[in-house]
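A single chain, nothing else alongside it, follows as structure tokens in the form predicted on its own.
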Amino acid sequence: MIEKFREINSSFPQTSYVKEHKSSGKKVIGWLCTYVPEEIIHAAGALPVRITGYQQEQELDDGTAYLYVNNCSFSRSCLQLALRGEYDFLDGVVGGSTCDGVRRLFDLWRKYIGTDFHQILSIPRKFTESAHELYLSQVTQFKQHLEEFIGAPITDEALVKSIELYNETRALLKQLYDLRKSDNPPITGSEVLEVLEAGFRMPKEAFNQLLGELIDVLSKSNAENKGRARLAVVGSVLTNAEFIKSIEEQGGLVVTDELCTSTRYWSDPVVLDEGKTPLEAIARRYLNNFPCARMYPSDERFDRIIQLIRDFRVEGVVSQIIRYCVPYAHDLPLLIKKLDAINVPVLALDVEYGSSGSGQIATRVQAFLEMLEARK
């Protein structure tokens, strides 16, 4: 079953789903941040596709020529792909003002790539009511601009259908993660990341069907994955399953994660309360979702990480932070202090986007696992 997801990832950006959607005359909209509401894009009849960089670490000469080297390698990798024409199928790009790297990436994309539709959302850093009002105004503006671009209204009925579809995705992914709570999970952490990556690159209708079949197979499977210690991976954006695989090859059992490409992407459903419009419900969910390191106060994110550690019986945390990823680099000392208070050790790795388990990383992971075993 995992092979089906791998096939989709291996063909990205030019997946069969993207080609089929384009050939039918429909729009494909790329999005850059988990604070961009996909439901609005889907309700417009367009295919939302997450913009990512290379699967492995690459030379980024083109990207670095436009984005200076002290911008994170994720931003430079995305720009490199775009400059080389790999994202020419996109009809639009939507981003959020979540960090300097992504904000500058959006500006350069608009100027040098020239995709027809562009939208940047101002994302508040707080969860106050005034912050929700600001974010709702941004989401409303995004919907209006997208309606103008596609030449048709995005109805409440279409939004509700999209909400239900995406909530189904979130419920299925929760089922997949629940399987990882067992002593010997039937699926590895690297395989889970491969599943998630495919979900960013195909229609949710098809993804939900594949995901449901996978969960059914795993629930009946006798497959077991064992490890020297139960680990969680936290930190910067991660789309390279080989990185997690390199940890698992050393004997680490990665049972959960806190990443914008994993738990923070799917964790909270959109709640359709009586008295709220579908757009209000969407805006409420996206701002209140499992927080990014940029959000204040940090306690909400820390509390959720600690709950994950308890739910999945995590013994050690691996923090992977892309160089120059300022929000997560500044956040790490505070997180380490919180985890130290509950006696959970942290291995902090400074990496480049797309990097796998180099010899140095493998050595550090090995020493970390030996330390965790000694604690038992």
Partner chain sequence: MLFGGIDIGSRAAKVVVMKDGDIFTSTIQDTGPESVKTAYMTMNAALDGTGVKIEDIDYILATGYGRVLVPFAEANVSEISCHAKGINWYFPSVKTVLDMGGQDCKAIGCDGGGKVTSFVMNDKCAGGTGRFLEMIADVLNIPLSEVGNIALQSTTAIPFNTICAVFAKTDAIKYLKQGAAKKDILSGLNEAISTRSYNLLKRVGIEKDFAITGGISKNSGMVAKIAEKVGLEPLLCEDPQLIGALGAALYAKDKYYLVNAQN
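Keep in mind it's a predicted model, so treat the numbers as computed, not measured. Positions refer to the first chain, counted from 1.
One more form of this protein exists, namely the form predicted together with the partner chain; it is left out here, but the text below deals with it.
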{"query": "Heavy atom within 4.5 Å of the partner chain in the model of the complex - the one residue of S10, Q14, S23, T363 that qualifies", "finding": "T363"}
{"query": "Residue contact check: I51 to the partner chain in the model of the complex, 4.5 Å heavy atom", "finding": "no"}
{"query": "The partner chain contact in the model of the complex: M371, any heavy atom under 4.5 Å", "finding": "yes"}
{"query": "The partner chain contact in the model of the complex: D311, any heavy atom under 4.5 Å", "finding": "no"}
{"query": "Partner contact for L347 in the model of the complex: the partner chain, 4.5 angstroms, heavy atom", "finding": "yes"}
{"query": "Residues in 320-334 with any heavy atom within 4.5 Å of the partner chain in the model of the complex", "finding": "R323"}
